[in-house]
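In the block that follows, a single chain appears as structure tokens, in the form predicted on its own.
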């Protein structure tokens, strides 16, 4: 079978007109002779609205019940899109994550896919139907409804493409990946192809085009991802196993305007085990954890993306209840990350970046690195200026 898995995000199915436009594109793809599986997100801001409703009922909703609630959003999208396709003369069937054979671990709100059993999908394709799957959700081995965390529909699409030996296409508002956020930088460059590692670093540190877990899944499965605009205009970005084109060069700059830093305010006043146990109990997905043992005792700091904190005030209250003044939470910071293979093999880029940020009044108060990334924590109000300065210096000034 010539299978293509097409994923459409919330903005692509935000209202009736957009759902009908997606249906036209899906029908056109099927008439090209391809077997089509479609993965959809919830319409527009549906998930956020359901979360807000839950918190009006309960200030700290149980995660299991949250999954039961917010998984409804994707089911609405899949049913409406199936109706729109059938109106255009082709047969379609909508399936939930569990009906599609997506098996996850037993974590609610941020489950991981552990297996895909696509037998039902394959049967429906054999009947000539277009299969429309609710993204972002699955079923645990205990037969519980689970959700995959923010951006989980991308992971659904990649996992299905891998299981079906198909092609994965991700559709959204932009025609691929750019060297920075086009809303902040006018001279951004379109990136036609990216390796898994660089794309995963960009996704984990603020680029919204792809979900980081989806890229990791694609890397493990060897699946190429084609990132395209929903309306079919513009170019595309292909994410797959590419060797670095120019090791030691910055290819993109990602940013987050709001992060939280949880740290032990008084080294020695809290053990690393205490803090780690609390983080595990809260299922808190940290980005960068640094721990040290100098002088008076151990110290720890964890950087957390604001998007993973559904209720920052509730978290701060729990920290205060458990640790009192021994743990501090700082919430006035943002993160700016330079991405590129080998950019930390020497100190030239790091040194120049520090100088540029200092000259722009964006002096960093935190630094994290990997072999593909340099991340600076800067005052939230200075994030945009930091992005523009670094992009100008490392990307716009590079003739290649």
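For clarity, every value in this text was computed on a predicted model and none was experimentally measured. Positions refer to the first chain, counted from 1.
Unshown form predicted together with a small molecule; subsequent notes refer to it.
In summary, the region of this chain contacting the small molecule in the predicted complex, judged by heavy atoms within 4.5 Å and restricted to 101-109, 318-326, 169-177, 274-282, corresponds to 169-177. Not one of 25, 34 and 234 comes within 4.5 Å of the small molecule in the predicted complex, counting any heavy atom. The small molecule is not drawn, but in the predicted complex it has no heavy atom within 4.5 Å of residue 216. In the predicted complex, at least one heavy atom of residue 11 sits within 4.5 Å of a heavy atom of the small molecule. Using a 4.5 Å cutoff between non-hydrogen atoms, residue 142 does not count as a contact of the small molecule in the predicted complex.
Taking the partner from the other structure, the small molecule in the predicted complex has no heavy atom within 4.5 Å of any heavy atom of residue 85. Between the small molecule and the residues 249, 257, 208, 229, the one pair within 4.5 Å by heavy atoms in the predicted complex involves 208.
When the small molecule is considered in the predicted complex, only one residue from 198, 204, 124, 181 comes within 4.5 Å through any heavy atom, namely 181.
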